[in-house]
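A single chain, nothing else alongside it, follows as structure tokens in the form predicted alone.
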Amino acid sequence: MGYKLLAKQEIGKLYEKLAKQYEVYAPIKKGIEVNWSKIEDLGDILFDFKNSSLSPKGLFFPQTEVMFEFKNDPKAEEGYILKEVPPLPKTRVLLNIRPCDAKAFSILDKVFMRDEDSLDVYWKDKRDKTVLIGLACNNPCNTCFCTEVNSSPFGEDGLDVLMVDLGDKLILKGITDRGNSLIEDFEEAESSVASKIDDLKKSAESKIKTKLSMGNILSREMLEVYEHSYWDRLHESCINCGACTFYCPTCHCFDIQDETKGEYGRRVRNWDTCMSWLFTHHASGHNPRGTKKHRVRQRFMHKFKYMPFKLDGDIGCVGCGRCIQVCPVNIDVRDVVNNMNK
């Protein structure tokens, strides 16, 4: 299928079609931040924004997620029986997701759905019931570096539809069968639009000035990188606040706890962070990552050495630049990677 055309002033046609089948989520502006929310008013949908403050990861991997419920009462009819939490009740569409965030989901698919023995049913349920309609980045942030981690401001990985903003109109490209079925009724775009999109893509990629080198990181022995003296210096400025991990679209560490009140109980999964000493604190009192150096090293080794080794070369970073923006002590992941490589 070729490209489809939709005038900006007719975006309501797309929204109405989506709303009939799906719950529609999109980035909306609240105060100075742009974050994801369920759309109730067409006017809330943004097209002119750099990127959402938080990635939409929480819609698939919630910060707190109930896994199942139970009753601690042997006399009750359902006493000591685990009660499954209902799956996602309705299919959804994420409108205007940036290509970097969509790629992050493709990476996390390899973590949560690598094989049948390690399948995360909670993640899979939400992924299967969600359509991703992307919005290409014509003007990437100055902290973006997606082109250096196997992506692009116009990347299609993980998307069902990619939209390109041409000012007064949108060009829609179907990528999957599900995406093509959503846009099949719209007007066909002229064949010349392909060259316009290619020019916009080249222009957007040229605005990303960062250059990363990872060849040495990936080729060196694991212990050679792990034991390098560079980590003795890097960790000194870090305060282990964890902001980088909570804003990251690919970080996926979690903790599981049982919560009870009276006879009622539930098992919940909560986001956790490798920046916290408690994350690896054993019941015995031993902590294999008991120092700040250990924790800082873990974050960067995990993304740029361990994950590529385990996930068929996929780097645990999509170049969104959020961690650079929120770090209170100005640790720049781009500098870290280049220094690791040296």
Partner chain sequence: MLEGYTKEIREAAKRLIRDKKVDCVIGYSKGSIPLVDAPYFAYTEEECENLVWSGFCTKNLAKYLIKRLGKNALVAQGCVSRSIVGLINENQVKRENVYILGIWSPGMVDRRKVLERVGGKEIIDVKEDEEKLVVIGDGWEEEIKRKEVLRQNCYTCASRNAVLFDEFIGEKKESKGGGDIDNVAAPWEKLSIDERWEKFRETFKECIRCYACRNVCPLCYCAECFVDESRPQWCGKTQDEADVYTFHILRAFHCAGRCVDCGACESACPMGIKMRVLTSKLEKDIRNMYGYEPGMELGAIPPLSVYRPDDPENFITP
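Every value quoted in this text rests on a predicted model; they were computed, and no experiment measured them. Positions refer to the first chain, counted from 1.
Here the subject shifts to the form predicted together with the partner chain, a form of this protein not shown in this document.
Figure note: of the listed segments 100-108, 174-182, 142-150, 187-195, the one touching the partner chain in the predicted complex, with heavy atoms no more than 4.5 Å away, is 142-150.
Of the listed positions (68, 277, 309, 47), a single one reaches within 4.5 angstroms of the partner chain by any non-hydrogen atom in the predicted complex, namely 277.
Listed residues 76, 121, 241, 82 were compared with the partner chain in the predicted complex; 241 is the one with a heavy atom within 4.5 Å. Within 4.5 Å of the partner chain in the predicted complex, a heavy atom is found for all three of 32, 233 and 268. By the criterion of a heavy atom within 4.5 Å, residue 63 is counted among the residues contacting the partner chain in the predicted complex. By the criterion of a heavy atom within 4.5 Å, residue 330 is counted among the residues contacting the partner chain in the predicted complex.
When contacts are judged by a 4.5 Å heavy atom cut-off, residue 247 counts as touching the partner chain in the predicted complex. Within this chain, residue 260 is remote from the site of the partner chain in the predicted complex, having no heavy atom within 4.5 Å.
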